[in-house]
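Only one chain is given next, in structure tokens, and it is the form predicted on its own.
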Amino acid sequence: MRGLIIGVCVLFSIIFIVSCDSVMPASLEEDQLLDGPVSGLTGAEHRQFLLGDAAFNTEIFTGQSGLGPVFVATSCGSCHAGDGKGHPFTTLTRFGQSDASGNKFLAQGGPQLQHRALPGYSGERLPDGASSSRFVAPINTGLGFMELVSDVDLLAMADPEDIDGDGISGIVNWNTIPSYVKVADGAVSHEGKYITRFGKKASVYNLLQQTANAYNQDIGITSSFEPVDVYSHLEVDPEISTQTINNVVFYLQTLKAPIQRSTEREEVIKGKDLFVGISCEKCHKQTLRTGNSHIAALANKEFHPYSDLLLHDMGSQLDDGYTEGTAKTYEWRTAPLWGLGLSPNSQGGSYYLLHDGRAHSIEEAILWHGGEAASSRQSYEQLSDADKELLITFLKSL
């Protein structure tokens, strides 16, 4: 009897293991994931990364923990699933400014529309006369590398007068920054403004400003950095600790860069050659370099975002009538292309590209390009179908 019982138990164990193997999803390769830390962190840095990860991806706010009362989302991760691009359901609406004279609607809820609200409250509505634009949340990975590109390098890439005559005249965005932001060593200023680089309009200086502002504007959470409540417009006690903000900033700084896939495939290599050949790489620059950093894993590293982090005239079809800093209504920061091929993983299996998600394929996004990019778009349109497919294959490998 004992032998029979043991045999049954062994058989049950085998069936259980086989059953689990058949239903558990296979683990994804590293190049299929956008989350995860950059390599080379110290033990202490890795612990802070995990604390920031937990705050960003698992903490869901309620009315009891400070949510709202008006808000866009209830957590950071709800807009950045798997640290990837957002879905139109979580699109942000920015409003209030159509020129560089400043936002005149700050007292009416600007610069961001909090359209959701706790019970008993009403979400905001766009004020009469305010210009607005809808922004899909970007991917989070590799941000720490982009934060460390020097102002000198950005200015070297800029060509506001198109001196080289190539039709590309990228410019930096000069903007005012909050008093709590510490400018980087070697930062360049102009008439009291600094070069900003994050956001669709490159209007945010660094990841501390981005994080504190997102908690405040997206979730209605005040902090020691952004203490003014978005509903009452009064300064209130912090609803999130400074340490948690710092942990999330560190998490965003040390998320790994997206890893390109299938780099040895002939189709990918040929597609990259076409990408460079029709001058896409003039704005979507393959390689940038970080400067010094107290995070050794990020210091003085080459990385490949396929962006120059500059503003470019994208033509009338992408003119949304809204701007931030010194950017014009038709100027947008070059979107980094790394992670592009993984976008559907966080966007419900589909593509929602460009600043507002209007493009539902990579080709459609290309065809919306105008202004400084019109020549590259026309060159793409003149490619054979086979070459177009090669170029798209390359972009999907990023």
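In this text the structure is predicted, and so the values were computed from the model without any measurement. One-based numbering along the sequence shown.
Separately, the form predicted in complex with a small molecule exists; it is not shown, and the next lines address it.
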(message) Taking any heavy atom pair closer than or equal to 4.5 Å as contact, tell me whether Leu342 reaches the small molecule in the model of the complex.
(response) no
(request) Examine His312 and determine whether its closest non-hydrogen atom to the small molecule in the model of the complex is within 4.5 angstroms. (result) yes
(request) Decide whether Lys200 counts as a contact residue for the small molecule in the model of the complex under a heavy atom distance cut-off of 4.5 Å. (result) yes
(message) Can you tell me if Leu318 lies within 4.5 angstroms of the small molecule in the model of the complex, counting non-hydrogen atoms only?
(response) yes
(request) Heavy atom within 4.5 Å of the small molecule in the model of the complex: which of Asp35, Glu45, Asp53, Glu372 fits that? Just give me the one. (result) Glu372
(request) Work out which of Ile195, Leu288, Ala327, Ala137 lies within 4.5 Å of the small molecule in the model of the complex, going by heavy atoms. (result) Ala137
(message) For the interface check, one of 176-184, 77-85, 123-131, 224-232 should have non-hydrogen atoms within 4.5 Å of the small molecule in the model of the complex; which one?
(response) 77-85
